[in-house]
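Here we start with a single chain on its own, the form predicted alone, put down as structure tokens.
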Amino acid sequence: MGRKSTVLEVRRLCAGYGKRKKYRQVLFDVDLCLDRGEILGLVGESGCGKSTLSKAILGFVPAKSGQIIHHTSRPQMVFQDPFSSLNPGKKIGWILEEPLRMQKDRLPAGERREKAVTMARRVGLDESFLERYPGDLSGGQRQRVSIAISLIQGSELILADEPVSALDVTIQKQIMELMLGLQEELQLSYLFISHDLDVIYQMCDRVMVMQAGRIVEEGEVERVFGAPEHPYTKELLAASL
């Protein structure tokens, strides 16, 4: 299954929540292969297991069986609602530097600040934003901070779980263009989760369709959207028209 430039493999993954009699399986024999520089979309209705898959890849949900193989640095996450993941009592500069403080080889304060400034600028925020608090920022600006946090340690693999669904259409477009630009510039790989088929079509190279914890169809975006094979994929596409 693995290829020369593969950054992530998931093999026959089964996972869920709870223990023993209260265990609820959510994922069933999920296979996934993501290459360097590729954007792989994951679509499906709410509750189908998309977010559980991303949490399993990050190690937050234990696998019941199967394998998750990382061929690169630990993946990082961009969330749907960055406000809930940003400490409201800390300035943006402090928040951006926090992942660098947690590294084994801790950088001196001056170098951490320099990296924070560079990364803020890379996502379209000038240095003045480092002195603001999350509550002072708009939704789009907070999402830019979230993207910066995911990149500041040099990760090449980003899991983006509905990263633009909480934004209005104009800001959505800006964030999508930012993510595409960073992906090309840094040769990033994205697992891009969304219920919005239009967003998936604009962002992704390949797409996987999930129904009730199983991958029911996958392929190049143009092929899957243009000539879907599975009834559920056809249903999703028809509902989005």
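If you're wondering where the values come from, they're calculated on a predicted model, not measured in any experiment. Numbers for residues come from their place in the sequence shown, where the first is 1.
The same protein has a further form, the form predicted in complex with a small molecule, not shown here; the description that follows concerns it.
Note that among 196 to 204, 48 to 56, 28 to 36, 65 to 73, the stretch whose heavy atoms approach the small molecule to within 4.5 Å in the model of the complex is 48 to 56. Contact check for E127, F129 and K173: none of the three has a heavy atom within 4.5 Å of the small molecule in the model of the complex.
The small molecule is not drawn, but in the model of the complex it has a heavy atom within 4.5 Å of R24.
Using a 4.5 angstroms threshold between heavy atoms, E97 stays clear of the small molecule in the model of the complex. Although the partner is absent here, E156 sits far enough away that none of its heavy atoms falls within 4.5 Å of the small molecule in the model of the complex.
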